[in-house]
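This document starts with one chain, in the form predicted alone, laid out as structure tokens.
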Amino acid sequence: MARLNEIGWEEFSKLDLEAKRPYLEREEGDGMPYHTLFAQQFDRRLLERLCALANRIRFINKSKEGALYLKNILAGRRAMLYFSQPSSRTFLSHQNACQILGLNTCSVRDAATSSEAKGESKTDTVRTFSSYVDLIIMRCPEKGLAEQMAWELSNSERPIPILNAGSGKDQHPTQALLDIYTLLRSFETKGGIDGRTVAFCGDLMRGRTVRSLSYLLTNFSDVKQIFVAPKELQVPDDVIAILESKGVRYEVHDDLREAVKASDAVYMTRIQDEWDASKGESAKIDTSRFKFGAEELALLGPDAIIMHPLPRRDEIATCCDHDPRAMYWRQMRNGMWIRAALIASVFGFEKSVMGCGY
């Protein structure tokens, strides 16, 4: 379990994210998280370990014997997927990651179908889930809820791990893990991530995937980040503050084509109008210059890649889908493997998987 029972909630909640990290690690002292709540829990060493474990799991799973070995790792344990925010890819990716390792799963995908509709607090809801399962994977619209629930469970009789599958507009750590995994696999024979330029385009103000990935990229050497968006949706100041504190090179502008020509990876995002204060607010913003199509594809370098956390609307034209530089479908599948690696490591099976004979 984690060390969250050593600190009060008020004291813990006031710490910055990097200072919170030791309280969320496994007691075994290997640096791996017990609760996975935000991107700041992962340094380069942990990222490379997780990606190596994901590679090993996907290799083992290629054979029937290997797949059966993996299914016995967590056989007899259970996971709850508590998704009170709409999702398809993130839900299915975590569900299949659990199934690869033999975890039985149950789910609540709408709070209206749970006792929350009767007035039950989220704390009581999560405590109830913890009575039945060994892991809670939660996605919610409330900022910081996963963090608070992790503290609550760590101070209960059932201190099971919580995995944040997206919270509010602030964090989506496992999406950032699969994004890093995709970048590492895309450039593994071409010099790696160090020294690359990554462009983010779209709704950067409200895109939690951008926030989390931007931070994880600071673990690599000399990676430049370019933020391309309408001024109303441009990257928030707290993300820029982190980059400046770490000496990361960055640009902020509104010229997608110039960014495409200069980048090794272009990370497109959709307009997140579910966060609109009033219906139709985002539709008033001119986003016509922030879409990736045939002309942008012609400007992209031969070894560069296009990424997208999905779902998409019209920000990437379908004519790009069959280009070998389009990584978003592989990116989606990569999520299943890196999440399986994370879950295996949470339960302490990293070494046994890496050392098995399959």
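None of these values were measured; they are calculated from a predicted model. For every residue, the number given is its place in the sequence shown, counted from 1.
Although not depicted, the form predicted in complex with a small molecule is the subject of the following passage.
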So the small molecule isn't shown here. In the predicted bound form, which residue out of 154, 175, 186, 263 has a non-hydrogen atom within 4.5 Å of it? 175
Students should find that, of 90, 164, 225, 212, the residue having a non-hydrogen atom no more than 4.5 angstroms from the small molecule in the predicted bound form is 90
Looking in the predicted bound form, any heavy atom of residue 302 within 4.5 Å of the small molecule? no
The small molecule contact in the predicted bound form: residue 324, any heavy atom under 4.5 Å: no
Does any heavy atom of residue 32 come within 4.5 Å of a heavy atom of the small molecule in the predicted bound form? no
Decide whether residue 130 counts as a contact residue for the small molecule in the predicted bound form under a heavy atom distance cut-off of 4.5 Å. no
All of 208, 272 and 310 within 4.5 Å of the small molecule in the predicted bound form, heavy atom check: yes
Only one of 310-318, 294-302, 45-53, 65-73 gets a heavy atom within 4.5 Å of the small molecule in the predicted bound form; which is it? 310-318
